[in-house]
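Heads up, what comes next is one protein chain in two forms, each shown on its own as structure tokens, labelled structure 1 and structure 2.
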Structure 1
């Protein structure tokens, strides 16, 4: 019975997202049809959202455990800057890079992301620092390292081969960035729904005390979760590196708020134990469509977008609060 009720709660989140997407699509159809409904626009959206979409997957994983990862943007920027410097060293006089360069930088980016994620996991599990403070601090640390490495400047004098490869389209239609995001999303879905690891992190998020007394190695579980978060954040940084053809310490500063908004909007409980990747993906699509649609209205300044995201986040939290209260009353 409880499982059915929990499923209904998740379905409410999904239903809310679907209604919002459909409503926005209808509104745009009546106001900016030609500017929004075209193949190039949808391909552009599909190429742009994976960078913060990947970071959102990391925030989702940590939030399911009852924590959070606010260092995803710092992680992404630090990884992209280090890999940009490596690409510069591998770029020859003709502006070319060896064939193994792109696989190598992705492999190293995964290692860097994993290392930064493990650091977060150790702060949370071994040092017992609250996740919000641990990852906020580490995020500032990573950003500080970025500033020290670049002096605040963009790192961009490397071969364009990397950007053209990642910005390419499979069969001339599907952006490579979308393929990378899809592969990672499927991997996270598999881990959450088809492995013991997924069951354990849901149990940990539901009750850390119960998880510990049931024999789970909670410290190891947290380290693994933050490690995964670090990897997807680093991959997000590699996509940013391709999209901007440069790396900088302050790229994606608004993504932290967006990632938290996406995860909460997607139905992940901020205190842990609940959430599905399907809801998060729908929330990613909704935010990308909202932002792209708003850009089609010249009179609406882009400076208002952060204000809108903050307002939406508060609204969603209020709606979730009343939804949960109604469910508790009915259960009582």
Structure 2
């Protein structure tokens, strides 16, 4: 019975997120229809969230194993800065880059992201540092390397071709950033629900001891998870590189907490073992809608956004508390 109920609770969580999104959209429809319901607006939103959406995917994966990844932003910036330098080198006098440049930088970005992720994984699995501190430290370290490399300057002046390619819209309709995000989200979904790896990390997040006694390679699993997180973060960095046509050590510093907030709001259990990608995507959509919608009201300070974010998070948790509690009482 319990799993069913468990499922119900998760679904209730999703249900709440959906209700909030719908209610908000209805409200916006009544008050600011023209300013919100237009193609450009949806395209803008779809192009904006992938950069931190990707990072949230990484945080989510690590949280399922019972950890956390606070280094995603540092990772993204370090990757994008290194790739920016590479792009500068590849840009010729006419401001063009060879056709293979974009696939190449993406490939290298994935490699760099993976390396940085592996470093985190080693700290967590082999050095046994609590993930929250290991990734806090490595995030600081990555940012530090960025600062040391760039002296805090933005790295830019590479061919505009890169930015225009990523900032483009497929068929003039779908932002390329969204496509990258969708591919990665599908990939993560597939990994979590359709592969052996997915089952294993849920189990690992539930009980590391039992995982060891069941013969799982816990260290390798952790390293792989942080590696994945590193890759998605690096891709987030590549999107930032395109969106801002430059890379800098302190881009997106607010994203760290934002990602944790999104993931928790999406119903991922910070203790590990539980969480679905659909919840995380709903959380991203909800927060993006709220923020964009709120920007349609010039008189409302944008500062209320953080108030609403925090409020939504706490309220959803309290609602869960009531349903959960009922369940526990019933189980008695």
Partner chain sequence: MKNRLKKLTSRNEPYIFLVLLAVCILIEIRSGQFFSPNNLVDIASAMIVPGLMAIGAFMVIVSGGIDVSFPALASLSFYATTKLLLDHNYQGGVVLPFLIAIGFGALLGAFNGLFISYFKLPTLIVTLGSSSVFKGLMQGALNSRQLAVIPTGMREWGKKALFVAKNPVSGLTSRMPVAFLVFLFALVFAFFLLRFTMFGRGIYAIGGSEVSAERAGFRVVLTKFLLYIMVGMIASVAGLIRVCMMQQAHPTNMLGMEMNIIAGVVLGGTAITGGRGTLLGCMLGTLLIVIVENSLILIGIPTSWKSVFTGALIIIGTGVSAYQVMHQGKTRSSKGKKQEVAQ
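What you are looking at is a predicted structure, and each value in this text was computed from that prediction instead of being measured. Residue numbers count along the first chain shown, from 1. What we label the rigid core is the largest C-alpha set whose atoms superpose within 1.5 Å from one form to the other.
Q: Just flag whichever of structures 1 and 2 is the form predicted on its own.
A: Structure 1.
Q: On a core-based superposition, does residue 314 travel 2 Å or more at its Cα between the two structures?
A: Moves: yes, 2 Å or greater.
Q: I want to check residue 32: does it shift between the two structures by 2 Å or more at the Cα, with the core superposed?
A: After core superposition, the C-alpha of residue 32 moves 2 Å or more between the two structures.
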